[in-house]
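In structure tokens, one chain follows: the form predicted on its own.
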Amino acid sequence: MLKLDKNKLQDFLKAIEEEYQIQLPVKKADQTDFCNFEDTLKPNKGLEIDLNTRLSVKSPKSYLFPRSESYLEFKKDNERLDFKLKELTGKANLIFGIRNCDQESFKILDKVFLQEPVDQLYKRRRNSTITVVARCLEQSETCFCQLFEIEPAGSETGADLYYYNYNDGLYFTAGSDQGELILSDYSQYFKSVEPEIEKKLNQEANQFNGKITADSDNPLMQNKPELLYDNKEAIFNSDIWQELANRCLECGICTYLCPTCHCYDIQDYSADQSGERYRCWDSCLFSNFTEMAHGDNPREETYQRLRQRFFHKLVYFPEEQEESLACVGCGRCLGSCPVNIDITEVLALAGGVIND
């Protein structure tokens, strides 16, 4: 374990910025989101690095799966149509300060985009991205990651570096060879840690990981994610979906903020003899998401689309991906839905269906 004094953080980031494009949590107007480090160095931006907020408003998935991405150029020359695939240029990404729930969400996106046929757009970004995880020692009121067997203070989630944010320092350990290399190449910014401090931090992490369990008093932890999977036929045909649909505005904010939602659309933008093909995020809650070219729509009703969203996360995805659930319990859907529909309420209602 190595310590980076917080008053040396900016110098460290400036140094590694020569090698990486850095994104990290930044606060502006009481809202924390990921932002380019270089923008925090511009006084007129009013941005402040925020390593204390446990959950950014938006997830960092856009660095691997952008909200919109032009990837193909085409041009017509007489009777010939030429195509050119856009290259990914620039430095490798380094996402600093993500939490273990978001790091776990990358594994779920990997299952979607890196299975055959491999999504090359995702793969090239994934292969050029370094992740640095901030290990949680406190819980936000909307967090329930341990419901999905994620250890918020753990160090086995596949990140390249992990750190504790403790008092005046950030205490780092490597999670990969690339992480070891960063600690080694920039060793002038780090110093050794006294054994008793390292022992204390590891003890706090173990205690915190064990503190929030499925049988705790936290109401978010009372639900069982496997409930839908184990009772899918009864819950699929229950009235809870229409009850929820009566409230749902179909705004799609839950799908856009969710770190594991990955629906997208592909469109062409063309003018005269040339154009570009791009893809952009879509949402299974939108009424035209499953509309066919001939006009039919297998999920015309809101309750059908709402049911599909939760069944995909808790039933269909684990059926296809060796029991892996497509939720990491980050809690963004709890805080963002304007009518307070979220996965914990769905599980609670589903539990009522089974117990009736």
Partner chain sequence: MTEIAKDPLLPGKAIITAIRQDTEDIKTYQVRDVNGGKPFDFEPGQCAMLSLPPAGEAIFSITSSPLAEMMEFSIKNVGRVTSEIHNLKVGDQIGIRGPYGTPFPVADFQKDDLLFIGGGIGLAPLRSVINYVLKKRDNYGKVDIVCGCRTCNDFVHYEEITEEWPQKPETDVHLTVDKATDDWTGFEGYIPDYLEELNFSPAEKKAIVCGPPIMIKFVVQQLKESGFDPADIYTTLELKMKCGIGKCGRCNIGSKYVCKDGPVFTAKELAGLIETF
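Basically, rigid core = biggest C-alpha set you can superpose within 1.5 Å across the two forms. For clarity, every value in this text was computed on a predicted model and none was experimentally measured. Positions refer to the first chain, counted from 1.
Quick note: we don't show the form predicted together with its partner chain, though the next part is all about it.
Of the residues given (D168, D177, E79, E196), E79 alone sits with a heavy atom within 4.5 Å of its partner chain in the predicted complex. Out of the listed residues K200, K123, K107, K224, K123 is the one that sits within 4.5 Å of its partner chain in the predicted complex by at least one heavy atom.
Only one segment in the set 90-98, 183-191, 123-131, 148-156 has any non-hydrogen atom within 4.5 angstroms of its partner chain in the predicted complex, and it is 123-131. Interface membership of H294, defined by any non-hydrogen atom within 4.5 Å of its partner chain in the predicted complex, is confirmed. When contacts are judged by a 4.5 Å heavy atom cut-off, E319 counts as touching its partner chain in the predicted complex. Its partner chain in the predicted complex comes within 4.5 Å of a heavy atom belonging to Q308. Using a 4.5 angstroms limit between non-hydrogen atoms, D230 is distant from its partner chain in the predicted complex. Residues from 257-287 that approach its partner chain in the predicted complex with a non-hydrogen atom closer than or equal to 4.5 Å are H262, C263, Y264, D265, I266, Q267, D268, S270, R277, R279, D282, in the order they occur in the chain. In the core-superposed comparison between the shown form and the other one, the C-alpha atom of P298 has shifted by less than 2 angstroms.
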